[in-house]
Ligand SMILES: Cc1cc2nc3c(=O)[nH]c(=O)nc-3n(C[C@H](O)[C@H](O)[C@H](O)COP(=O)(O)O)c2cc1C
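Single chain ahead, written as structure tokens, the form predicted alone.
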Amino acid sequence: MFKTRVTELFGMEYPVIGGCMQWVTGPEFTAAVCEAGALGIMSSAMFPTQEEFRAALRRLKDLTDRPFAVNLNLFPALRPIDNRLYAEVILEEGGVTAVETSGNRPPEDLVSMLKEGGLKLMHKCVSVRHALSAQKAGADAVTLFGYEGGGHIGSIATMSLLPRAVDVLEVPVIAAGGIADGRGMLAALSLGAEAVLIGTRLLLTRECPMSEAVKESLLAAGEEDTIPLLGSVHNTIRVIRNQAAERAAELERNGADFKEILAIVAGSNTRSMLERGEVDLGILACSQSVGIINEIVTVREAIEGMVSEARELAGRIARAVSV
């Protein structure tokens, strides 16, 4: 029922993609997403060296024989990675279906390298202008990420962003931002998207490699419990509202030096937060859709439940229209 150009392009069972999440989407969690019928995306930025990345890639291939993707991060970073070196590992090891780039437009040499190696390319961005640029650069699909989403956001909500993108792009559009159940999935498909990318829903799963204390704090959160940060440095990110996020927001409002803000929002703090369960230690990307998630389930239950709900709703609407 939900076969689209995206499912055909990447070979997954459902038009659902598990979003790349730093410190979360390592080989084990990515494999769990793939085994549930979706397309998992492993983070490359989690691994500081090529050899560590190579080992993670081999581990992922041992865990699943289903299609998967790897993210190459093009956002500005404190610890810049030469993505061409990581692309070399991807090509040498084989078995990768697609590469997702996010942030700035992928450079021509990187695109050529990946495409010549037979890889599919998808790019994640927050505006139609950037989506058109990615299409021109050679992306096979483009993810449009709405303002509601957790992580790096723009200023346009998913409901307005998607139909505009579908109207002007030739490549398939993937919807992201605020989608956490079958209602959101069906709405995105109705707006013309050919797959959805989810992140926050997958944080609240049993397999998610983070402390139960952090999961419980997210489970208790509502739709008003996220906050945008780092707009002052033109790198806006939506995170869960906790003490760390509130402190960072206050420093931004007061025009503090970025080094003061960085001491709070550093990735090392987030990693420690997820591992140790100190829920106010760092910031954590989180969508406004956290307010509609009310249970911790397995990855398979989350993905299959979303697809089943969308299918049931589609049937209900069809019956209502036919009356």
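Predicted, not measured: the structure shown is a model, and the values here were computed from it. Heads up: residue numbers just count along the shown sequence, starting at 1.
Just so it is clear, the following notes concern the form predicted in complex with the named molecule, a form of the same protein that is not shown.
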(request) Please pick, from L281, V265, L63, A285, the one residue with any non-hydrogen atom lying within 4.5 angstroms of the named molecule in the predicted bound form. (result) A285
(request) Please name which of the stretches 144 to 152, 184 to 192, 91 to 99, 159 to 167 has residues with heavy atoms lying within 4.5 Å of the named molecule in the predicted bound form. (result) 144 to 152
(request) Flag A310 as yes or no: does it have a non-hydrogen atom within 4.5 angstroms of any non-hydrogen atom of the named molecule in the predicted bound form? (result) no
(message) Does any part of V173 reach within 4.5 Å of the named molecule in the predicted bound form? Heavy atoms only, please.
(response) no
(message) Just checking whether M12 would be counted as a contact of the named molecule in the predicted bound form - the rule being heavy atoms within 4.5 angstroms.
(response) no
(request) Examine G178 and determine whether its closest non-hydrogen atom to the named molecule in the predicted bound form is within 4.5 angstroms. (result) yes
(request) Heavy atoms within 4.5 Å of the named molecule in the predicted bound form is the criterion; list the residues of 175 to 209 that meet it. (result) A176, G177, G178, I179, L197, I198, G199, T200, L203
